[in-house]
Each structure stands twice: as structure tokens, then as C-alpha cells.
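Form predicted on its own, single chain, as C-alpha cells, below.
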């Protein structure tokens, strides 16, 4: 997605508030629609509200699921507005794309999409307040300066607070946002300063209302039983027995809408309390109609992959040069088969949503990462007008891509449609793990050759993934541009697909979180086969000019930026230094979601395969500006720890079409004692627009650790998780 920048079709609409305040909202819609509005009809959901008493309220427009955007985006507004950060109020905005533009949390898009529009919105507010002061004092605006919520006139030693100027500012004609000067970064007082999350205190004291905590008066609680095999419909259910249980108000069957990422068939139980609904569900006895997914299993996937590897790829993704000819003339060739499992998102807060159908309208409260998409799905599934749906954003306890998918929202709305009261649907942990939208597994068979100088001359990959024909299942694809594509003269990549009935989708750093393990591990294999240092091997490769064939859309990869972070990470770690026996250093790099990251892991492996990650060094390039260094560092540390969990023990396996793992005892997260004692991070600033941090720091940690294990033990890890190979956290 390209950033949505304000242009001549965008404008600011301002209205006076009761008591003399002013509200400023940036609109991204067509100017013809905007001009049809009058100040009296101005939307209350604007970005900036300034009350007559000087209180400044900033709207956080994007969903907050722990990634820090509720702090970071208002920082951009406050900086250009010249507000006093210590006194501003931050309010979570509801879904209103006409007022706010795109509202989502995914793909590390919050920074690149909002960087320019929010700076312009804040700057226009500052400009109008200065203009109001100039008109009030009859002095040139150029003589005035805004600072910490006040406008100052040095020549006359006068100043006025924003609240005093708000009413007059509301009478002024807003300027074109593109004409308003933005602050020089050297003058930033908020952006670039480490800023605690605005909800930190509430989180650690247990007073923050997460989505699971949210209730409304008179609501009921719901549980929803779905088939273990995805997409199967209800055949029979003992509804009469369930309806007779204490507190149960309703028990009924819902039929699926045909989309396994939306509403699948099941039995809804609605009761006075969650516990009563859960107790009734425990007594529920359901039989399910036969479904093709019931015949799928992890064992069958492995068998099909092995059979597909015995034949050429079913179709080509890219084929540059003469791969077979170059391989036959290579000085050395290396072959390796890699695989990784399906995994679940496993956010600490299971899925939940609250819905109320009343007066022909649907009102929803949920922690969706894509609320606009959620509203569309509810409208489509239930056959109601999208305009009849109001969507309130709640604070989510983690997302990692899981809340991009609104299946729980659709379920809550479908249940509420049958009830005359608000209904809260709260999944259990087992629901969350057995009915995820999973990161797909995959298989790679790679062959590559190096010449006498140790340079890669050919690369061929056969990717066995999931889908039908040549259509990949969601997030199961592999682009033709994945590095080292464009840096190898003879490069071929083909794929074969296994039919799949399991729902798949994006998990933090989608596709990158698995492909990085494969490609960066295999590059390490090639470096050792060539007798080259792994860092220098990558630097030499990145020093070449990238050449992609015509017809292949460039993914924006910049070898010079990656070269810089690899070099920086190696320098941070003291690459090349001697380490004790049983200790290894491993490096990996990856380009994901516009971010360039390289990571070095120092790993100690005991004689019985106990693993300790002693230290990790992270170098990243996400542009010229780090908006909140505190949040940025947390994102990098969190990415490393999250990736270590995927590396060591996380996998979802299937039997009879159903997920086997159902809780953290069989799908463990990293515990504090298992996390690296030190994660040292550094940003390599470059003259590029700022980009996001939710995704790109995760992918390199997996191959960095497995490459370090090879350096320490000589064992090459080609499949995940590590515990399949006897490793464990020491």
C-alpha cells in the first residue's frame, strides 16, 4: 500500500464548539463531497479538539493492539501543532474512514500512511491559531511563534493560550495543507524523544479496559461451538437439554456463510453469564456433517510434499538465465530441503466482540485490526446495509495479525441478530488456538552453485506450498523478488501446491517470518561451502547491482541499505572475535515491510542440546526519523523474543482436519528466563521516508540463531521448530 498523502483534493474543515473551542479534522475524501458539508455539520470525530479552557484532545485513529500507535500517531499531531505533550488528552477514535482516512493496524503501515497527513493536520492547526492571534493583536503572523500550546509575540511580550484563540481560529478559512510549512526536524521537541506509552500506567496497574473487560448494561454472554474440521456444518445437537440449563436464554444453530474466514456453521449458546454459557457448552453434544477437510492431516501434507519434490515444479514463478547450465558448471553445488510448520498467532487475549442489534442497526465493539473490513464482512454475511453498522474500537491484548481477521466479529453480530439485547462473545483459549487463521507451513528444496571465487552463479528453488492450481492459499505465496533474486544471474523458482481446507493468513511479518529462515540459512550454507565468512559473503552479494527481469515488479529492495545494516550489526557484535567452545555467532538479514534489518545472535549450546541465546544485536533502517525511540526499541526487542518462540517450540499439527495443539502447554511462548539477557539495538538512519516497525525486526532472528547453532555445533538446522531436533531452552 502506498502512503496516502494529502493533495489539492484534501482540505481542512473547522467549526466552533460550544464554549468557544475549535475542532480540526483532516479529510481525505473527494472535495465535492467535503464542500457539501457546512461547519454546523462538521463531524465530531476530528483529529484535534481545542476547548476554550485550553484542553487539547487528540484522536488516535488506528486500532491499538500493543504496538504503540495510540501514543505514536498523536505525537506526530502534537509536534506540528506545538502542543504541550504533558497536558494533551488522547482519545481512541471509532471507525470513521471519511474523517480519518484508513484505520487499520497491520503490515507496519501506520507510520508510512500517516506520517505526512498527520504532520499536515497538526501544522494547519498551528497555522490557524497563529493567524487568529495575528488578527486579534493586529500584527503580522510572521512575528509570532507557537510553543507549548501558546502563541507568543516577542516584540510586545504578549502571549495567548490556544483555548483563548480557538473561537477566532474557527472563523478563519483553512489553508491548503500542502502550502503550510512543516517543522524542521532539528526543532522537534516531541518526535524523536523517548515517550512512555500513554496507557502504560493503566496496563501495569490493571486498570486499563481491554476488549475482554468491556461490558454494556443489560448484555448477555455467548459461546459458539464450531466443528473441529474447518467449515463443517452442524448435523445434530442436543439443544433442548442445553436450553434447560441454569441461566441459558438461547441455544440455536447458525449456518456458515461459505467463507471459512468469516462465519462458519456452529451452535450458539447465550446465557446470563460467561460461566453459565461455558457450562452449557460443556454439556453440548454435536455431530458434524462430513467435510473434505476431515481427511487432511500434517502427516498427509508431509507425504504429498515428498511426492511433489520427486517431480519438477507444477508451475514457474520466475526463471532467469540458464539455471541448469550454470549449476552444471559450478565449482561447488549445495542442496538442502527446508520446512516449517503451521503456527498460531496466540495473542494473550483471545478473540472477543460485543454486538447489539436494535432498531434495524448493528452496533459493534471489538479490538479489530481492520474494522472497516469487519464492517464489510458483517454487512455481507448478514445481508444488512454497511451504513447501518457502527464500529467502536477497543484496546486489544495483542494482535500479531490475528485481529486482521474479523471472524469473531461476524459471529458476535450473527448471534446478536437473533437476540434483542447486547451480546458479548468471548472465545476460550482453546477456541483461539483451534480456530485461528494460521500462518501456513511450507517446504523448500533448494539447489545453488558457487564458482571458484566463491560467488553464487545459480539458484533454483522448488517451493511446495498450499492452494489450488496456481493459486496460493492466503499468505502461502512466494514472490519472485525475494532476495537474493536479482543478485544471481541464473535464478529459477517454481512451485507445487497442496490442496488445503485450513484457514490461513498473515502472521507478524507474513511470509517473511518463514522464508527468512529458509533463504538466510541456505545463504549461510553457501558461504561455508564457498569458504567465505558469512558476513562478507552477504556484503559481497549486496555490493552488486540488482537486476530483475522485465515483467517482475520491483519490491523496492535497496541493496545499499541492507549492506549498511549488515555491516552495522556485525560491528556491534564484534564479528570475527574468538568465542568459547560450544558458543557460536550467527548472522541473518531480511527486508520486510519496507524495513531493512540485520541481526547477530550469540548462542551457547550445551552438550545435551540446551540452548541459551546470550545476546542479540539488531541493526535496522526504517528511514530518516524514529518517531518514538522508546516504542521503537520495544518493537525490536519484542520482535526478537516473539521470533524465538516460533523458532524453538511453536507448531500446529492437524489430525482428521483438526488442530491438535489447543493451549500454551503444547504451544509455548518464550518465558522471561528464556529470553536473551541483552538485546542491543541501533538504527541506521537513511534519507528515506519513515516506515513501520511492527514486522521487519522479526524475520532475521530465526536464521541468526540457527546459523549460530551451526557455528557452535556443526549441525545445520533445516526444519522447525528446534525441539523436533532435541533442542530446548537451557
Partner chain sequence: MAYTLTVNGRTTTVEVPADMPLLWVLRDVLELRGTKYGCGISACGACTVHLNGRAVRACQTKVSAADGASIMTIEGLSPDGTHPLQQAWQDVDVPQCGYCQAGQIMSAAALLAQTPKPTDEDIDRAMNGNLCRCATYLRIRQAIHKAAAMTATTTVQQAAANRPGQDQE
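Keep in mind that this is a model prediction, so the values were computed, not measured. Positions refer to the first chain, counted from 1.
One more form of this protein should be noted, the form predicted together with the partner chain, which is absent from this view; the next part is about it.
In plain terms, the part of the chain that comes close to the partner chain in the predicted complex, with a heavy atom within 4.5 Å, is 266-274 out of 266-274, 467-475, 372-380, 651-659. This chain is displayed alone, yet in the predicted complex one of 602, 524, 349, 116 has a heavy atom within 4.5 Å of the partner chain; that residue is 349.
When the partner chain is considered in the predicted complex, only one residue from 294, 541, 320, 641 comes within 4.5 Å through any heavy atom, namely 641. Proximity of 65, 201 and 679 to the partner chain in the predicted complex is complete: all three residues have a non-hydrogen atom within 4.5 angstroms. By the criterion of a heavy atom within 4.5 Å, residue 429 is counted among the residues contacting the partner chain in the predicted complex. Taking the partner from the other structure, the partner chain in the predicted complex has no heavy atom within 4.5 Å of any heavy atom of residue 482. In the predicted complex, residue 206 approaches the partner chain with a heavy atom inside 4.5 Å. Contact annotation: residue 55 falls outside 4.5 Å of the partner chain in the predicted complex, judged by heavy atom distances.
Contacts of stretch 628-651 with the partner chain in the predicted complex, defined by any heavy atom lying within 4.5 Å, are made by 630, 633, 634, 635, 637, 638, 641, 642, listed in sequence order.
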